[in-house]
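This text opens with one protein chain seen in two forms, each one given by itself as structure tokens under the names structure 1 and structure 2.
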Structure 1
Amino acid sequence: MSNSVNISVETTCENQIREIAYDGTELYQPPPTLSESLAKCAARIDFSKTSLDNIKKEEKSAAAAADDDNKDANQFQESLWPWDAVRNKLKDAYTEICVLTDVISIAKDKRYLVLDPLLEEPDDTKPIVQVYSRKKAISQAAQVLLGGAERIRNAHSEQRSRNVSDFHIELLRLRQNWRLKKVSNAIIGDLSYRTAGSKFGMSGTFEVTKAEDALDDENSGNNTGGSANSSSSSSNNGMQLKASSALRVIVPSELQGVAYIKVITQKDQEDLCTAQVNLMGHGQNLTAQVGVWQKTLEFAQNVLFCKELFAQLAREAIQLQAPIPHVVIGNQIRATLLPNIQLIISLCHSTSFDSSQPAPINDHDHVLEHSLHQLLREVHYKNSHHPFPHPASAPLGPSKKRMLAGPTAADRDALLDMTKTQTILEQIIAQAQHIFMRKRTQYVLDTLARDVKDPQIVSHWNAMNSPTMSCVKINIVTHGYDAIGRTSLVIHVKERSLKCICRDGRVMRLSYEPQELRDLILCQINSHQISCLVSLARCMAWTVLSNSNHLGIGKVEPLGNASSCLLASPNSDRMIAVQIRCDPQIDVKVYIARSPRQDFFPSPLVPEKFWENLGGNFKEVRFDKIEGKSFLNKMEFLMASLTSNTA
């Protein structure tokens, strides 16, 4: 035992060595899986040998060879016996598929075999029995239909007698137009515009109950002596129950009645205190509300909308920093449009109509009221519809125009313009200023067209205008002399100013004062008369010696500059001088001179006689006594008479 020897015992290598690393580590090939072993065994099957005798002979020869070799019992010899059952089943299935294919081909081609069903012998049935059975079935169906028709008839007759509609049908109609949900045992609806993008905090919920239950509750409440509940129910709910309806709609007290926004523009400060805020301006709508739950909900939703609109305007009026601060008092907002002109926006809400109250003011501007509603709906739309980011990885919020500011190399001013937004109050004030400026412009043009008969002033207003800018084209023409000349100018009416574009391309900007526009039109009339006179003189072969729209002599004109024109007859023996001033109306003066002078006598200083052709002194003509309907017509007669005398 002292001379023991260490013996190393290693396990047999069950797996083949796949690789030996540089450090001597041996990497073995993993053992095959069950599917790989099955595939390996199936690959050894020879399906071409279909005879069982050959398989048995091969087995016997393999057994004899094994005995001859005297191999170890532990050694395993592969054989085909374990897969014999699999081979036989596959063979049988293949045979059945071949037979089925042959049968299908024979039945399909119908050349070798025809398949006919077997005819069974029919049972002997008597026709009279079939007739009786059908008659009995038809009579039973008729009884079912008659019974259903009778029940429907009775239901309709009961409804006519009670004159009350079905609660569930009414509830279905209510659900088609309004949002309803069931909370515990109550049915609650919503009147607010939250789904449209509104962020107003006032609740717009209402409750739907049966009319019979509502009557029972009212009777019990009246018996207990609830004076407040009885008064409110008799004034509001009694109107709803007057009509035959199976359901009752209960709206909050702050949403009952009729409300509307009243917009007024006032010019004189003395009249500001006469504005009535809480007026009932729509009495007919209140009577139409009686007994109809649809009208009740519509009026309640209108009250909620008007309150939200007025709250938004009041908040903006307080936040805006205007040159003249806006005033919010109760249900009224006052904003200054122009000097001595104010915009008054009032919230009128009334739950009853009192005939003793004064009638609503007639100068209510429905266009501005519609604009207010439209602007608030635009705010709702912007709250719920945000622009999608471009590209998709960009942040939410900025518009597509701001997204493209970088690629388009927008400057600082352009970026500031993109960030500027107008509130509802600013937009409605701008629209009110434009409406007032447009009315002023119309009044000035109509007044001038009425007062100035010669020439004629024709105004063409553009039908397609924006809420803050309108366009009018003015044509100044003389009746009967349209082909000689006309003066055109375009006026852009903006919020607080006017932009006038003349025919020669000159652009003049005027303020909101109406006198500036009146002065401009009178100056255009002045230049129109001179230009048409020059054209008429050339047509009559008269010579235009001088023409000036800015006469620098004489007294200073209170308005613009005087225009003058000097004409000579074809024989140069007559001259006509015309002077037109705006003082403040159109003032025309005409002077005539003739040559040779009758009072010319030679002198030592002027001995030559040809100096007498310079013409004598100008004598003024009584222009109002000349025949003619217009200025050009009178001048035509005057030039014609002077020409004929010289001939």
Structure 2
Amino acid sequence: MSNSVNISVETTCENQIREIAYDGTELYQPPPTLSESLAKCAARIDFSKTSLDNIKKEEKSAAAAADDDNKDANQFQESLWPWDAVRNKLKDAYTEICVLTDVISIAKDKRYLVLDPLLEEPDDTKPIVQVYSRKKAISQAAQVLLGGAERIRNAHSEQRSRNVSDFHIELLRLRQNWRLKKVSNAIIGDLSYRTAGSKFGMSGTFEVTKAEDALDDENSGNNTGGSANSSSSSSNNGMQLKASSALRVIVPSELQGVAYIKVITQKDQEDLCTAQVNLMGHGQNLTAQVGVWQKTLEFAQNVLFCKELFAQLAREAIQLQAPIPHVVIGNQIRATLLPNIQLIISLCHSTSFDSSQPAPINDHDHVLEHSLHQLLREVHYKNSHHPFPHPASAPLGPSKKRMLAGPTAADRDALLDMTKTQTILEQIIAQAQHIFMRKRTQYVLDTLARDVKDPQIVSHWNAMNSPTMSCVKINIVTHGYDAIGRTSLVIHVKERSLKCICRDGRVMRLSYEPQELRDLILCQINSHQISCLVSLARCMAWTVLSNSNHLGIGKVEPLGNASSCLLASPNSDRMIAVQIRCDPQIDVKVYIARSPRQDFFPSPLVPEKFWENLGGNFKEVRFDKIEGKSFLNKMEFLMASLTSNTA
């Protein structure tokens, strides 16, 4: 042996300690020998897995195990057990392979065993079963289809047979006309005017439900509102409608029934004119298409509208300071238009459905009715529409007129006018006053035109006028002498006064007393007669010596003064003096004088004869006996007869 270095090679892993002796020596468990490790590996083989590699490994291990078994047969008895199992399995496998080899060799011989391919056997089900199963499946499908068709047929026949259509079609129609929304399970609608600008506190929500049976409809329709159960309170105006709807609307109890606002102008307990304000008869006629709920909702909306209108009027009546205060009692407002004339606005709300309604009062004033409706609608409109400022940075609020007031240099009066607003009550009082003044003026003019026949009084009323002012043009003409002369005047009828503008530019302001207008017209007739006479005299070649509209002679009359005219014939031998007084009757006095005077006798004081030409006394003519249709006619005849034929 050469000097070689001993190299110790150790495995890294230490062996397990089997025992520690009392003296400290450790007995290590010897590491497993190769055969032991092989045995362990063989034990891990899983013979249930049949793979070629495993089989090869098994063979190898089996060979190794056989060698090892021979070596270590005595020492390790435990290792025989894994090898035992392995050996048995291998033995079985070997047996099977031998059998297989034998079978294959026999089959190859083809004398005792033949290998034939296996035929695919058909399913072992009988055709009849298949037919049955198919029939059942098809019948089930048919059931489904038939059920669906039945439902559709029923729905169609229902639509055709009954008047009222399906709930959903009705709901669609309802939704086309009213605002609806779905809140959890219920359908709630709104019939108030809130989206139109109303600020009224009363809510106008109604509920929509499915209708019950037709019988229930009839029975519950008799119950008036306020009941808590949800199937009643269909207010159909007291009439038992046979046709019922698929849906029902439930309106709040305070909106049930029919309401209208009645406007009466009263003169000491006597009804002069009346107006009914309600919304019925307005809007499209939908009742032909839709069910009874449309009427219900329209009535309820009408009630809401009337309540809002009345509440607004009542509030204003209390707030306004009028010379004679307005009185609000219950559902009636009393306002004084003129002394002794009162305006009564009342809210009539009937919840009982009696078909005997009070007969409509004949003297409807549609103007007041429409006006109240329009005024409230205007308030709504102003609430929702604000004029847009130009430029957009300007404050939002002033009206367009006020915004233009700066650049157009509006003066203080114009600005003050812009700030004045009138409440609904003030406006309707002004309109009612004007209507009353107009009626009174018409009455005065008509009675005068009827009573005074001689000059004819023709009045032309303007077709276009405002709610608070009308104009009438009066022409006073004598029939047959229209070309000679005509007196015209214009009267502006305002709320409490009249303004009269004559042709010569005089402006007179009259109060609401009818007597003042009558007096004025009589005076105008007076001056008309004289001025026409003056023109007529000119036509007849008579000279007008003088005329006067206001003579200060005679007794003091309550009404105006006498007017007069003095005429001379063409060759001055006759003189006519006319005096017209406007007493309650037009009183005409005509006097004639002739010159030379018949009763002149020369006296020592006045000896010359030519003084007889100075003109005689005036003698009265019995004017009513003169032929002629009118005053001017008579005067014409008189003048004609007095014109002498001397050259």
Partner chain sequence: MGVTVLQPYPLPEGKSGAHIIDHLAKRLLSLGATHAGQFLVDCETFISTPQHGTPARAVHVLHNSEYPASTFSIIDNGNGKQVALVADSIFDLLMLKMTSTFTSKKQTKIESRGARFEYGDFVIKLGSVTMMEHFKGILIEIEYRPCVTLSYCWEMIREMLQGFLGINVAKEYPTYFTTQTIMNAMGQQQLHAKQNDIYEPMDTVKQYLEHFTNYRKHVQIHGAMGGGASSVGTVGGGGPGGVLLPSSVGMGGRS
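If you're wondering where the values come from, they're calculated on a predicted model, not measured in any experiment. Structure 1 provides the reference sequence; residues are numbered from 1 along it. Throughout, rigid core stands for the largest set of C-alpha atoms superposing within 1.5 Å between the two forms.
K.L.:
If I had to pick the form predicted alone out of these two, would it be 1 or 2?
P.N.:
Only structure 1 fits here, because that chain is the form predicted alone.
K.L.:
Would you say R151 moves between structure 1 and structure 2, meaning its CA shifts by 2 Å or more once the core is fitted?
P.N.:
Yes, the C-alpha moves 2 Å or more.
K.L.:
Tell me whether S133 is among the residues that move between structure 1 and structure 2 (Cα shift of 2 angstroms or more, core superposed).
P.N.:
Yes: S133 shifts by at least 2 Å between structure 1 and structure 2.
K.L.:
Rigid core aligned, does the Cα position of I106 differ by 2 Å or more between structure 1 and structure 2?
P.N.:
For I106, whose C-alpha is compared between structure 1 and structure 2 after core superposition, the shift is 2 Å or more.
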